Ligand code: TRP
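First comes one chain, alone, set out as structure tokens in the form predicted alone.
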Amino acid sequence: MAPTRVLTGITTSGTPHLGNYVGAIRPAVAASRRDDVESFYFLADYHALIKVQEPARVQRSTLEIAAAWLACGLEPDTVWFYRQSDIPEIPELTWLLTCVAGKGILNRAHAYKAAVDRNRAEGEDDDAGVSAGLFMYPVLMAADILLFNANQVPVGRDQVQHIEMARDFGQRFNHLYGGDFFALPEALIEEQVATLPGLDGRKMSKSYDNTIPLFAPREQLRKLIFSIVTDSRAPGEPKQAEGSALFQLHQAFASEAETQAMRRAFADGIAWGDAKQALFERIDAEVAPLREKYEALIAQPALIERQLREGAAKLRERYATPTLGTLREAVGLRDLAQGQAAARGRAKPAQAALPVFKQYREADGRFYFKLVDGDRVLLQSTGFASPKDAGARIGALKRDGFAAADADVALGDGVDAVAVREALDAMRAAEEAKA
């Protein structure tokens, strides 16, 4: 049985923090030691350029993140360890996927929608300050994943949408060009560490400036932990573990027994200062030996550079270059002297009957539609106020596929999302063939 391919990347736009360690680095390194897993780890420096225009910062972050992974136990001889920008096949695949990705799907990407919402709140044009890089970010991420046919991608819950988009783009390409070129990836989330709270209780993130650097010196680590926001409950007064950033941070590093002991301490009214001291000691016990390795590695940038380049060269030879060759052939970027006779003699296969949308009005005066394949109902809508509204939803489904489905559209009985995706893809491909 082939090993499961697991792909993990971290954007090189800042200093690694505890959230990166708990949510990505630690579980990824642990997974890399399994015999049934083939692990891919990359430094996402192309992604960093979307929001960072400081060359020195990108370079420094790349060094720090690489050193962090190595310090945490990553073994370059047993995994694929590389820098995104050292794989030129990634941006080439990004363009191939751009040509099959629906703009409507990209319009709904969380990062882009958040930027538009901010602009509207400030009375600006929807796209003010929005680069094409931000808009196309999900396509680049899909290329990172699909180029190596990753089966699983560890992500935070806020990134699950991007994995769904990668599946959609890969499936569209497979259908349009008639082959199983891409495996469809799955999001891999560890529920208890999907997101780690920062100093202010929000998700630990560089954008909120609420992070705790992974390898902060011991005294700085203590100072930061003691600055975590808590409520005004006094010593001896019971405290809520649920919803407490302090408790969640402790749980991310503690054993089950230690977690239950802290839960009891919260119920018994532990003083916030004592809880923070316990958290500091627990985190430092795990991080201190890694910090020593990190400081030794960060002093050897030439060693890290060599490891990254060697990793990329091996990966290109094994996977990236052959895969892009196959994809170029599939889309027609071919040697002009080859394949013409075979193409002329190839009979065009007969097309099967396609699913159809049926629109109708019920006795309640509202307008409905359903997607049917013969006698089988694949999708059923709720009621719309006008035929124009129902038609607009049908148009979105035809244009953008299953990603356009919302709360006003439900799967038919016994139908799964894969069947609907395939039906919509077949309809879209037929329309494109007519154009």
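All residue numbers refer to positions in the sequence shown, first residue = 1. For clarity, every value in this text was computed on a predicted model and none was experimentally measured.
Although it is not shown, the form predicted together with the ligand is what the next lines describe.
- None of 43-51, 381-389, 366-374, 27-35 except one has non-hydrogen atoms within 4.5 angstroms of the ligand in the model of the complex; the exception is 43-51.
- The candidate site formed by G9, Y137 and D144 is fully in contact with the ligand in the model of the complex, as each residue has a non-hydrogen atom within 4.5 angstroms of it.
- Think of it this way: in the model of the complex, the ligand has a heavy atom of just one of A71, I228, L279, V153 within 4.5 Å, and the residue is V153.
- For the options N119, Q159, T259, T321, the one in contact with the ligand in the model of the complex, meaning a heavy atom within 4.5 Å, is Q159.
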